[in-house]
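Single chain ahead, by itself, as structure tokens, in the form predicted on its own.
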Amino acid sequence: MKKKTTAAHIVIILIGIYLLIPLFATAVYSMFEKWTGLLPEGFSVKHYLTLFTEREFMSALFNTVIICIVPIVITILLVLLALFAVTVYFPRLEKYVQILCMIPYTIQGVILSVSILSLYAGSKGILDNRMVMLVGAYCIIILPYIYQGIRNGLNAVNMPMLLDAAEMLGASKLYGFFRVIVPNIISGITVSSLLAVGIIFGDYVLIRNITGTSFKNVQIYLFLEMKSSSTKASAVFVIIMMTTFLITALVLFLKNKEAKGRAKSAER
């Protein structure tokens, strides 16, 4: 048994090293002036110093983080309310909700952006705003991932029994859902949210087609830098990856802290 465990750890480590090789090579390349031979030449971290002091890049990074948070929060809230209504009041409609939520898997970014622009561009009202279009497009793209994570979490808990217990204590179904059910499926919400962050951070097509150059994210900034300096573009890519890792680590830290707090409360 011990040999099997050791072998499994070795395999996991080797896979991790294999997956990190491209990121490591990109990081090394970003810290040198050029790499045309066997070894890189001209060690320098000037690109990182320039990026962290460059207002345009920091603005693009901030825009990307904000445009991640808003669609994810909206989509999570809508999916929670939809699954609450379907599970409690209309269980026969669940399969149709699932089909609707899975449709975005088949929609390409170019088709979605062109369709949204054709439908809403030039119309009068809030839907004519390019940022509203972009948020709506991201909500559609991340919908399958958010839905699947929340649905898996709900399937792991006995939702009807927990809601009945909450009602016996005087709570309404909706209040019991958000105060009892949602805290128990926070793991599924967290995982699906992190998947959504990765998708939005890596998007170029939607934001380019819908907003043009009026709203620049890190992918557009990276594309522009690739035309002028490949080493600086590599530094941009490394910062994007590290930002994604930091967001993931922060979310997991808060999730573990909350879980420990609930465990201590239960012990008391």
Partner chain sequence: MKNKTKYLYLLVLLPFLTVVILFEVIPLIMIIINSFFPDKGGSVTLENYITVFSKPLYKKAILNSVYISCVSSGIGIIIAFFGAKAAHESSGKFHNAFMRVLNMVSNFAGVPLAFAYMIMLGNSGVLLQLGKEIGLDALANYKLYTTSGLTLIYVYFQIPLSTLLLIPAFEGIRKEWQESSLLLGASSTRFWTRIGLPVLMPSILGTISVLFANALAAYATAYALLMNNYALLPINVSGMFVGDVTIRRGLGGALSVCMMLLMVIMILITNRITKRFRKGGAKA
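Residue numbers count along the first chain shown, from 1. These numbers were taken from a predicted model, which means no experiment stands behind them.
Another form, the form predicted together with its partner chain, is not on view; read the next lines as being about it.
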Practice task
Mark N209 yes when one of its heavy atoms lies within 4.5 Å of a heavy atom of its partner chain in the model of the complex, and no otherwise.
Solution key: yes
Handout entry: W35: touches its partner chain in the model of the complex, heavy atom cutoff 4.5 angstroms
Key = yes
Exercise for the section: Examine Y145 and determine whether its closest non-hydrogen atom to its partner chain in the model of the complex is within 4.5 angstroms. Expected result: no
Practice task
Evaluate S115 for contact with its partner chain in the model of the complex, applying a 4.5 angstroms cut-off between non-hydrogen atoms, and reply yes or no.
Solution key: yes
Practice task
Please state whether all three residues P183, I186 and F253 have a non-hydrogen atom within 4.5 angstroms of its partner chain in the model of the complex.
Solution key: no
Exercise for the section: Let me know the one among A165, A85, V73, V157 whose heavy atoms come within 4.5 Å of its partner chain in the model of the complex, would you? Expected result: A85
Exercise for the section: Note which of T50, S230, S44, S59 lies within 4.5 Å of its partner chain in the model of the complex, where distance is taken over heavy atoms; exactly one does. Expected result: S230
Handout entry: Sequence-ordered list of residues in 216 to 249 near its partner chain in the model of the complex, where near means a heavy atom within 4.5 Å
Key = Q219, L222, F223, M226, K227, S230, A233, S234, F237, I240, M241, T244, F245, T248, A249
